[in-house]
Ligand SMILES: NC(=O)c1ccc[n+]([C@@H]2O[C@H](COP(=O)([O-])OP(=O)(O)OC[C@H]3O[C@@H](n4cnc5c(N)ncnc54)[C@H](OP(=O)(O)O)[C@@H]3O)[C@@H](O)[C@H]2O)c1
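Next up: just one chain, as structure tokens, the form predicted on its own.
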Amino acid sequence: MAQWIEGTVVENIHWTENLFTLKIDADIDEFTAGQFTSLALDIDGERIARPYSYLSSPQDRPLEFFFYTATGGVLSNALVKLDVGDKVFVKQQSNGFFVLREIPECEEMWMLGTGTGVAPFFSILNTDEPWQRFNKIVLVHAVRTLADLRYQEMVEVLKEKHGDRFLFQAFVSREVVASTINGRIPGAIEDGSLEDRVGLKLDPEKSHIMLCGNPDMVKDSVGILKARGFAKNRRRTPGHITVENYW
């Protein structure tokens, strides 16, 4: 059984009223980009825990996590109040199969995420493996408002480093913002506007799609992709779609 270890908050970045990042110093075991661990606090005599994907890559320290304070979310509403030097429990061992070793060979990788569900994609993209395996990588980040569109400096670094091998497209659903798509990911897959905007076609012969975030986005996108000839990826039956519900 995985053990809890005590970590120390190094930084708490408040992006918006509900969106924040914690950087935590903790001596955890090695993990694979795309995996998750659990964080916990003792609240009113009870240890409250929840799984969170790493945004940081395995080689990076401190550990970095991206949060949204959910209404009624006891843990997230406590984590947002932590100060530098405060303690937080971290599971020593990580878990999860939302990793590149589970992805069959393909030419083009599409990473579609909503909100803080983009975290595991940044963890993966800041390692060497995706750039060794795929000719092109598309990262899509869908948010409600422009203020929620964080980590753009990381996107710019990836663009500079990898040139036209890296394509990025933002969605903003509740505001009209230049260079973004106003709407939801499933609709833009269905009508072809996502492919038109990034200049690349989703092709079962070339593409793999990783989906992470809002379960409705994941479910709706999978249904639309299946209608276009894509199949869920399973170990016994490799396919084109790998999912993680980040909720």
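In this text, all values refer to a predicted model and were calculated from it rather than measured experimentally. We number the residues from 1 along the sequence you see.
If you look for the form predicted in complex with this ligand, you will not find it shown, but the lines that follow are about it.
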Of 158, 109, 143, 103, the only residue with a heavy atom within 4.5 Å of this ligand in the model of the complex is 143
Would you kindly say which of 214, 207, 56, 180 lies with a heavy atom within 4.5 Å of this ligand in the model of the complex?
214
If we define contact as a non-hydrogen atom of the residue within 4.5 angstroms of the partner, is residue 81 a contact of this ligand in the model of the complex?
no
In the model of the complex, does residue 220 have a heavy atom within 4.5 Å of this ligand?
yes
When the contact criterion is heavy atoms within 4.5 Å, does residue 115 count as touching this ligand in the model of the complex?
yes
Within 4.5 Å, heavy atoms only: does residue 31 come near this ligand in the model of the complex?
no
Answer range among 172-180, 84-92, 131-139, 149-157 for contact with this ligand, defined in the model of the complex as heavy atoms within 4.5 Å:
172-180
Partner contacts in the model of the complex for 37-71 (non-hydrogen atom within 4.5 angstroms of this ligand):
68, 69, 70, 71
